[in-house]
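The chain below stands alone and is given in structure tokens; this is the form predicted on its own.
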């Protein structure tokens, strides 16, 4: 059984068809990099999986539990629980500026999962150690670099213990010097066999870390395959042109 399965996903904004029928099956432990030009539907597709965008049609199943069937959203307690298996890290961190690093991390586990504050703090400290920010638990977001803020955002998502973590261009708001520290955290999660879906423009990272490359273009999956094939096969003209453009920059 797939941990996540999407079939026939379609999404429009007015007359603009952003996703035109996308199928994707994800097994436990998969690390999938979703690449493609701006406007190809990558982020919209990712957001639709976690119910941040409502699809117009299609079916989404999380660990065998249908949450959307033919565009109709399930309203059962089981569907609500299924969504808790997914976590998301955004490109712009979305930390609460008036709360400390620790408060940002523990707020959701305490309020949504009824974890005690003491338990949440213990877990928060473990996560901060994992991302190399143990000394920042009492700092506020404005006191952190962009890379540090994004690492805190990752820890905040992990605090809810998702089974699948979605990344929407997690380094796009960072300068190159800070990008590496965030990618190292994601690489470690991949090595720990966490299931990851990563929309990214970091081509070398996608090639090195992903098990599968998904290339979206014009609202569809134009190509998918292993990284070594995607980056060398010249089997899809649009993918080849896209990668050539990146290589030239």
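Positions refer to the first chain, counted from 1. Bear in mind that the values here come from a model prediction, so they are computed numbers and not experimental data.
In what follows, reference is made to the form predicted together with a small molecule, a form of this protein that is not presented.
Chemist: Does residue 18 reach the small molecule in the predicted complex if we count a contact as any heavy atom within 4.5 Å?
Modeler: Heavy-atom contact with the small molecule at 4.5 Å: present for residue 18.
Chemist: Verify the contact flag for residue 41: yes if a non-hydrogen atom of it lies within 4.5 Å of a non-hydrogen atom of the small molecule in the predicted complex, no if not.
Modeler: Contact check for residue 41: yes, within 4.5 Å of the small molecule in the predicted complex.
Chemist: Does the small molecule get within 4.5 angstroms of any non-hydrogen atom of residue 37 in the predicted complex?
Modeler: Yes, residue 37 sits close enough to the small molecule in the predicted complex that at least one of its heavy atoms falls within 4.5 Å.
Chemist: Counting only non-hydrogen atoms, choose the one of 64-72, 41-49, 179-187, 207-215 that falls within 4.5 Å of the small molecule in the predicted complex.
Modeler: Only one stretch passes the 4.5 Å heavy-atom test: 41-49.
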